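Shown here is one chain on its own, the form predicted alone, set out as structure tokens.
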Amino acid sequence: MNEMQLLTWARGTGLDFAVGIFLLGVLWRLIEIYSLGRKKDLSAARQAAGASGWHTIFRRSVPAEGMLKKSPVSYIGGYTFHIGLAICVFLFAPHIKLIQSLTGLSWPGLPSQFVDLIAVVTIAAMVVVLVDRINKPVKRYLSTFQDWFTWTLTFLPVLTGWMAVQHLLLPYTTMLAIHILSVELLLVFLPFTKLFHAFTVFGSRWYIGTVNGHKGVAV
């Protein structure tokens, strides 16, 4: 298989296979989570300012008081690479074209030079966060294979995509094929790893806030 055949397979069969597993996996996990059921809370609701699901979503989305100063790399680096990743995925014109071909949905993109800069910042932020995890004994001890694996799954599409655009290391066709394959690998594993928090993070925060809000507890 030459580089053009590899790219053709990645854009065709490989993409169909990856998207299929991704959609089925996400659907299965969501059904699994939301079909668990919860016992009805028969206690009287207690009203307290700031005790609700929406308040909890907001509070859990910003650093707790004093934590930004105690762990700046985790918070600044984490926010930087999450926002940067979202920009690279959803506001880069070629990605929008791909999404349009799959779903029919489209929206304006950002200038390629700006997205290129964001990609570099995202790569740097992810490396800094990784080094911090390795250098901090507690973080390193608590890290499992899945943490390193999911970091790699997330990092490779950003790195290979940037390298393809910059025509670095390998011929463009080959690097583009590698980039697409790395994205497909991410799609295949996302529903079955910690990366699935992309679909549950706000829902879980809302649920925790709602349950505790019923008790008059702000979390």
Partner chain sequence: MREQEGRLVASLAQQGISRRTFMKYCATLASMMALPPSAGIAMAEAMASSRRPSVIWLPFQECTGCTESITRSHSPTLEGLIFDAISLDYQETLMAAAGHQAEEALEKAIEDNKGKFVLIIDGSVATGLDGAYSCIAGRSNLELLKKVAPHAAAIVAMGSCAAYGGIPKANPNPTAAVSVSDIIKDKPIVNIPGCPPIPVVMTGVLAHFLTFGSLPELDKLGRPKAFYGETIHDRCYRRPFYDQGKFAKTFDDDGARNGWCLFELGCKGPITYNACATVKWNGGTSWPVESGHGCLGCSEPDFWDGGGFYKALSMPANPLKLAAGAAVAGAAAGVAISFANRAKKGAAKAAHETTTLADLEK
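Numbering follows the first chain given and starts at 1. Here the structure is a predicted model, which means the values were calculated and not measured.
Not pictured, yet referred to below: the form predicted together with its partner chain.
Contact annotation: its partner chain lies within 4.5 Å of heavy atoms from the stretch 87 to 95 in the predicted bound form, the single such stretch among 125 to 133, 87 to 95, 71 to 79, 140 to 148. The contact with its partner chain in the predicted bound form, taken as any heavy atom within 4.5 Å, belongs to I31 out of M67, I31, L169, V62. Among heavy atoms of T173, some come within 4.5 Å of its partner chain in the predicted bound form. Contact between F17 and its partner chain in the predicted bound form is found at the 4.5 Å heavy atom cutoff. A residue is said to contact a partner when one of its heavy atoms sits within 4.5 Å of a partner heavy atom; G12 meets this definition for its partner chain in the predicted bound form.
Residue contact check for L36: one or more of its heavy atoms lie within 4.5 Å of its partner chain in the predicted bound form. The candidate site formed by L23, L102 and S112 is fully in contact with its partner chain in the predicted bound form, as each residue has a non-hydrogen atom within 4.5 angstroms of it.
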